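Below you will find one chain, with nothing else, as structure tokens; this is the form predicted on its own, and questions on how it binds or moves follow later.
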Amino acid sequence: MDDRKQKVLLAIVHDYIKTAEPVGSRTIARKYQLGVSPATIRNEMSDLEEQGFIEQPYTSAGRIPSERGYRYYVDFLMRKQELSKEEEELIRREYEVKVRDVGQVIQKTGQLLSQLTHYTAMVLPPRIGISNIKHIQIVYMHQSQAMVIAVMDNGTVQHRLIEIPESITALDMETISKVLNAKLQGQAMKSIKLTLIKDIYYELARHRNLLDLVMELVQESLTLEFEDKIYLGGVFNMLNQPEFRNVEKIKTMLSIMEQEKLLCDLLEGGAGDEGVTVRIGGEIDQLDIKECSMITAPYSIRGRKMGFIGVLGPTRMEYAKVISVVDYMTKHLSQTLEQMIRGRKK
């Protein structure tokens, strides 16, 4: 594509993203000062349409970018857009407040993504099932209750209040905690052998009833995964887009938003091993959202990929802005979770 065609395509993409209205040659000539006449622009638009970069939605209308046109724009024409200092400070401040709780951090990530992009945000929480035990503690509450706390190496914490026999003392619980940590620290569920479980029960035989409750929680902590669970933020941002004001399209989008398994697969299956991935229209491989684009990225903990964040919007989305937001938030989310594991605030 020569330089003038690139400028015409860039003008069409920018104008259509901003107005959601088909773009004509006179609009381009008036607003974008390309130094050529409307007739010349029409000729360039005709060539771009023939090559599949733009299309005409209906007779006598202007032109809009096609999927191929958006892809060319993202790959070759789009300029990087930095977040403002205010946006960066907002993200840092919100994570600072929620830094102690993984669930709240994930929820806040979705809220910030939708707030900053004005589209629908999707966040897959960390896959707890592939984490290891960092620490187990049984805390004596009073004569009949204790708190069992299991801390995982990805920063998540499982806890449960359990009933205990009156004969159990705080010293007994400290002894049980020491044995469990000695045997299970650094272990993942798949690596815990039956012989190890037997050793624990043998060593703590006189606390069998209490141990059953503790081991149940430990097993939950190791095997629990957020399967088919996804946090959605700003669902109505999508429905407010001009492309989805048709009643049937609204019904279709709401139906898709209810299918957590589908959204998880789309989010997880489309993201690369690192960095931001952009899928446009038919590239998403889901017929019902062919008029949408998805921008996704994985986040990691200590170099290990743990989950994904993404933004779902119309193909007429502000790609440069969304890519910058997703990229910045992915890095900041990874840093925040790693700091939680280290057990200290920023």
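Position 1 is the first residue in the sequence shown; the rest follow in order. Because the structure is a prediction, the values reported are computed rather than measured.
Keep in mind that the form predicted together with the DNA is missing from the display, and what follows is about it.
Enquirer: Examine Ser60 and determine whether its closest non-hydrogen atom to the DNA in the model of the complex is within 4.5 angstroms.
Expert: Ser60: yes, in contact with the DNA in the model of the complex.
Enquirer: With a 4.5 Å heavy atom cut-off, would you call Gly303 a contact of the DNA in the model of the complex?
Expert: No.
Enquirer: Is the gap between Ala320 and the DNA in the model of the complex 4.5 Å or less for some heavy atom pair?
Expert: Output for Ala320 is no: heavy atoms all beyond 4.5 Å of the DNA.
Enquirer: Taking heavy atoms and a 4.5 Å cut-off, does Cys292 contact the DNA in the model of the complex?
Expert: Because no heavy atom of Cys292 falls inside 4.5 Å of the DNA in the model of the complex, the answer is no.
Enquirer: Within 4.5 Å of the DNA in the model of the complex, counting heavy atoms only, one of 276-284, 65-73, 35-43, 312-320 shows up; tell me which.
Expert: Stretch with heavy atoms near the partner: 35-43.
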